[in-house]
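There is one chain below, alone, in structure tokens, taken in the form predicted alone.
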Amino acid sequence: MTLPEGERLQKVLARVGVGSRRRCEELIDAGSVTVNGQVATLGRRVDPRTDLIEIDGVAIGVRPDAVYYLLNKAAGVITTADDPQGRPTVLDGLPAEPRVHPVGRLDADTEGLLLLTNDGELTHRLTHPSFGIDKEYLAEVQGTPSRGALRTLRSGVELDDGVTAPATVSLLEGNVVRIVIHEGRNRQVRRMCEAVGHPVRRLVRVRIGPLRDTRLGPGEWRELSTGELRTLERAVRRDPSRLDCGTGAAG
């Protein structure tokens, strides 16, 4: 007799941190777990490399070879795998295998959070314009923006590639502006601030969707926790309702 191929579903779920083996069995018994859109039953075997496994409609990362790194990019580091000029890149210091790629880009002078992974599907959802994932920045600008300048940043700024989408903007200090955008145009935040007469002196990305970490020092990185990954996948699972332009280096 030929045995079914793959691993038992509850074992896969327990391995990626969903809960104890018993807890995973309870979730399956309750009908909370689906495999490729079908409600799973105890004893179901799966291939983590190819099967889509969801809990209450939220996909979970179960690929055995998938890795997810959160990096606090320092200024002067290039968001690329290799730089012909020999400048430091975001892959320096990360494990050589499995090979990962940055999700989106930050320009060389912009600091802050950057996700790197080998999960192509998650990368697509995080960078595709239609999903509208928020990115939060702190911008130290020249001068103190007036109420009118802040209002323009919120409602939309005329750039050479069109008017920007509405943004969440607030003045934290005399010249520090908090800006939340969901577009990904090239150097967007810098161009927005310059367009209202307040060029950026320093720019830091402090949040990507639900991901935030104030403890990572410049150049430091860590792996995402299972909880963070599930929260991130929940954020990109929603039905896209907004469109924006491009997936360049938004900083």
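In case it trips you up, residue 1 is the first one in the sequence shown, and so on. The model shown is predicted, which means the values in this text are computed figures rather than measured ones.
The protein also exists as the form predicted in complex with a small molecule; that form is not presented, and the subsequent description refers to it.
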Within 4.5 angstroms, counting heavy atoms, which one of the listed stretches 120 to 128, 141 to 149, 164 to 172, 101 to 109 is next to the small molecule in the predicted complex?
101 to 109
Could you confirm whether residue 33 comes within 4.5 Å of the small molecule in the predicted complex, counting heavy atoms only?
no
Is residue 198 near the small molecule? Define near as a heavy atom within 4.5 Å, in the predicted complex.
no
Does the small molecule come within 4.5 Å of any heavy atom of residue 187 in the predicted complex?
yes
